[in-house]
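Below are two forms of the same protein chain, given as structure tokens: structure 1, then structure 2.
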Structure 1
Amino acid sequence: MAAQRTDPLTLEVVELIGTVVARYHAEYEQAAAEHALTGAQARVLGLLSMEPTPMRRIAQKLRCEPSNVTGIVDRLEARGLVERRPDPADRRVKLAAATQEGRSTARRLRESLEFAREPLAQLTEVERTVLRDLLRRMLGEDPAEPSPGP
């Protein structure tokens, strides 16, 4: 285990990150609510707007049990934002896919995410580059499995 860091500098950075996390979350939930979606529904819709995905795979991306995905996709499907398709290669599998309206909603959702603008607009390009490099190093440069959202 790494050495315990409880110096004031580290503690302040952790607190600042906590504030960023809280603000990011609040804005994500708000953007979802403006489209009458819950956070979980928005995350799944964003995922499916990229490519059709088996139910099981959605659960892995969301880090939740597959049984939960059934309900979330049910609600998105009831609103016509998502549809279930058979997988020609394996008849056990159901592929969840965003409809055209679903993709449109996902796009507007992304655009309404203010987080990209407000806070980062405070920084110059050089500063954003420095921030990017620090975050990369912090996260250990392992972009194997990008997260589906907050």
Structure 2
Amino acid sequence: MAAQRTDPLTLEVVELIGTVVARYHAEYEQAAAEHALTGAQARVLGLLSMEPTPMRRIAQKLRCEPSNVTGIVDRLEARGLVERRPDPADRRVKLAAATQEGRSTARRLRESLEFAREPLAQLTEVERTVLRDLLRRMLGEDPAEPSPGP
């Protein structure tokens, strides 16, 4: 039985998804470098600028090992952009939190982005909802379920 060839529309859609992702990452990496950050450091700083977060949850959001997050937070802490503090709800847990300088850096980085700041800017809310639901379906997720977060 011969392997079925992928149709041209599917190939184009897959290529377009790859192009969107590559453009987003390239712009994000460039903006991070302009702030003397790696892309991973910029992503962690962006997360922490929104709220203090346990290290394990940062690793889950970035889909990486907690030991990687520890190294990233160490480097951000050495630059005065992040600090560690006990979680008031459970003093055994350490939260990573952006300092004032870290929040300012994250804001400047976000403002320097164009496409990566709002890659879906050209789409209406209805179109964004349809796209989200289609992507969830592609990933085998229930479109009606709330997303686990970024």
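Along the sequence of structure 1, residues get numbers from 1 upward. These numbers come from a predicted model, not from an experiment. For the two forms, the rigid core is made up of the largest set of C-alpha atoms that agree within 1.5 Å on superposition.
Quick check on the two chains I just loaded: which one is the form predicted together with the DNA, 1 or 2? Answer is structure 1, the other one does not fit.
### Task
Fit the two forms on their core, then tell me the C-alpha shift of Leu135 between structure 1 and structure 2 in angstrom.
Core-aligned C-alpha shift comes out at 7.2 Å.
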